[in-house]
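Take a look at this one chain, the form predicted on its own, written out in structure tokens.
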Amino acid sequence: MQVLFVAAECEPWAKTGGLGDVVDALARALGRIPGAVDGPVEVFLPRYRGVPIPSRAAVDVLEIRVPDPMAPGGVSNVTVRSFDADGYRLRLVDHPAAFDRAGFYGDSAGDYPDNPRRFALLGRAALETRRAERRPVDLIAIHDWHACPVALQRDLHYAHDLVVGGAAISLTIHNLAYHGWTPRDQVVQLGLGTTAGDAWGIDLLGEGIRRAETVNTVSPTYAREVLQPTAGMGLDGDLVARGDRFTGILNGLDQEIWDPATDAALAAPYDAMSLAGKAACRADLLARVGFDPTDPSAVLGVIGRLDPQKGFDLVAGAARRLVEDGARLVVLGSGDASLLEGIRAEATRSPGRIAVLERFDRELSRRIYAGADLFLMPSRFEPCGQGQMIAMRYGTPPVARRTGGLADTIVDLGVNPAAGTGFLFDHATPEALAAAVERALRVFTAADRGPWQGLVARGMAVDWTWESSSAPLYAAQFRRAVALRLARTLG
């Protein structure tokens, strides 16, 4: 298959969360599976401000004209800069008026009001690039709402085009909470004509769900959860209607990037056979955040986007009880700073026991994964999550809510002592979180170190590699999407 991705993020070029990690790792993994794709996957990504182009890269430059209703004359001149990344071909859509801004999606005032136009331009540039090159494409993998204009564009503008009109589309939903809702007075930005959408506007994610040949989200449990109104974010009916064309494929983890034996950010390397370096990483982390490195009491790490989904308020509500239990907390987050008010208040009450770090910091996050004793993920919902996988890889058992991908990736020690890799709780309350942490602390502080050491070893031994499970499932889904599109075309 000739496969291209359209996405708003791709690590390490542009990332705010797990979307960027998945796009990068999956594109690379597909290229490593014999026979999965024809040539490297092409990843179309906006060239946001600051996106680097490696100095030694051989860059191909293509100038194209892209239909754009918001531009003078209805057309924008766009430059596509392409070069080989690590296992795939990156194609940066360079249009400064749309993408050369302080943020990817918005600034301190909120989302950019022309986001519909910006991401419609991204999708249309991908299609026009392949048309200009006269290179048919078999499968377009679109990721989240930002890429869903591609599905509308294919059906409304390119249905009979010999290069891109026959392309199958497979949609991956990384987070159903974000729809790309475009009100009626902004629909013109999408360049779809006056009849697109309904009287209220267009739900871009909903259109992608209805038009793509196949749809998946990023864990089997989350795929089941979103079929219910309580988790479906208003799109559960559309997902139910897709039947077996909607599935859940658990994310993998790039174990070359996330490896405590080679991670340059850590104070010392370590692996499952020798954990001495983890103790050095623990001491280093505690010194950096102002804690006593010689204090043996448990260190709880929390890393995440400051969003109500992630349960920072649950951490705040449980913090006092956890400190009274003897634990210490290191909290790293960026986003809505108001969500940290409760934790900041508890940090003021307990100096030297709670550290709150309000920023996005790649290296510090790695030091927390390695230096903490337990990792907290009290998410209200979690499509998949990578934090729990990374934490296990770094020998730090997770304490998480039993939802979505967390339920699929963590085996509760209390339920299965012989296979346990972490601790799960059910209710999104501070009390339930605290009780789960207290279960973990009893194992951590027990005189018999065997259960704790077994817990750590099993977590570090889990094979999260994309090539071993997730990427072959995506390849099979893509082949199915191509077959469905071909059958429809011939029918």
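Not measured: the values here are computed from a predicted model. Start at 1 and count along the sequence shown; that's the residue number.
What follows is about the form predicted together with a small molecule, which we do not show.
*Asks:* Please identify, from 356 to 364, 343 to 351, 417 to 425, 110 to 118, the stretch that has a heavy atom within 4.5 Å of the small molecule in the model of the complex.
*Replies:* Contact-bearing stretch, as computed: 356 to 364.
*Asks:* Using heavy atoms only and a 4.5 Å cut-off, decide whether all three of Leu19, Ile303 and Lys310 touch the small molecule in the model of the complex.
*Replies:* Contact check passed for all of Leu19, Ile303 and Lys310.
*Asks:* Considering the small molecule in the model of the complex, which of Phe246, Trp258, Tyr158, Tyr270 comes within 4.5 Å of it through any heavy atom?
*Replies:* Spelling it out, the residue with a heavy atom inside the cut-off is Trp258.
*Asks:* With the small molecule left out of view, choose which of Ser334, Gln186, Ser297, Thr79 has a non-hydrogen atom within 4.5 angstroms of it in the model of the complex.
*Replies:* Checked against the cut-off, the match is Ser334.
*Asks:* Quick one: is Gln386 in contact with the small molecule in the model of the complex, heavy atoms, 4.5 Å cut-off?
*Replies:* The answer is yes: Gln386 has a heavy atom within 4.5 Å of the small molecule.
*Asks:* Applying a 4.5 Å heavy atom distance criterion, does Val399 contact the small molecule in the model of the complex?
*Replies:* Taking the distances in the model of the complex, the answer for Val399 is no, it never comes within 4.5 Å of the small molecule.
*Asks:* May I ask you to state whether Tyr88 is within 4.5 Å of the small molecule in the model of the complex, using heavy atom distances?
*Replies:* No, Tyr88 stays farther than 4.5 Å from the small molecule in the model of the complex.
*Asks:* Are any of the heavy atoms in Tyr369 no more than 4.5 Å from a heavy atom of the small molecule in the model of the complex?
*Replies:* Flag for Tyr369 set to yes.
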